[in-house]
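Only one chain is shown below, in structure tokens, and it's the form predicted alone.
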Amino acid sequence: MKKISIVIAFSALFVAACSSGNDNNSTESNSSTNSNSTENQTPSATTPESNANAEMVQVPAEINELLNKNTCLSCHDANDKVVGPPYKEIAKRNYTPKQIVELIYKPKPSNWPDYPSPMIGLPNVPKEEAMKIAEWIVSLNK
């Protein structure tokens, strides 16, 4: 159990470091693309990547807090593969919220054979919080 906690803590730090690095890169790209542009404009608005970015999942603040609190962000991202599948990919599986909650507590690695690191069960996630997360994931497929 101690090893699992260390791995989760390390993963959380890694994700946090990577996330903050991405923010800096996008700001640098903005300023180098057009010095007269506003900081809110992203370079993707004028590049072929704009279609991909239009489909980017935005995580509501309340959900992001729950994902962070329950260490979900150590292995998952809304849009990109990390250790586990992105939330938008999970949504495409058409699980019900109840099924997702069950998988939070008792994951089935056989459901995701392309991911070599199986998810560990997270029995410490409060059921109410797991359900909010699950409902949000299901909403991504609508």
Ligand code: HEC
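Predicted, not measured: the structure shown is a model, and the values here were computed from it. Just count from 1 along the sequence shown to find any residue number.
We do not show the form predicted together with heme C, though everything after this point is about it.
*Asks:* Please run the contact check for P60 against heme C in the model of the complex: heavy atoms, 4.5 angstroms, yes or no?
*Replies:* It does not: once heme C is placed as it appears in the model of the complex, P60 has no heavy atom within 4.5 Å of it.
*Asks:* Using a 4.5 angstroms cut-off on non-hydrogen atoms, would N94 count as touching heme C in the model of the complex?
*Replies:* Outside the cut-off, so no.
*Asks:* May I ask you to state whether K108 is within 4.5 Å of heme C in the model of the complex, using heavy atom distances?
*Replies:* Yes.
*Asks:* Classify A78 as contacting or not contacting heme C in the model of the complex by the rule of any non-hydrogen atom within 4.5 angstroms, answering yes or no.
*Replies:* No.
*Asks:* Is it true that T71, I133 and I137 each have at least one non-hydrogen atom within 4.5 Å of heme C in the model of the complex?
*Replies:* Checking in the model of the complex: T71, I133 and I137 are all within 4.5 Å of heme C.
*Asks:* Going through 101-129, which residues have a heavy atom within 4.5 Å of heme C in the model of the complex? Please give them in sequence order.
*Replies:* Heavy-atom contacts to heme C in the model of the complex: L103, I104, P107, K108, P109, N111, W112, Y115, S117, P118, M119, L122, V125.
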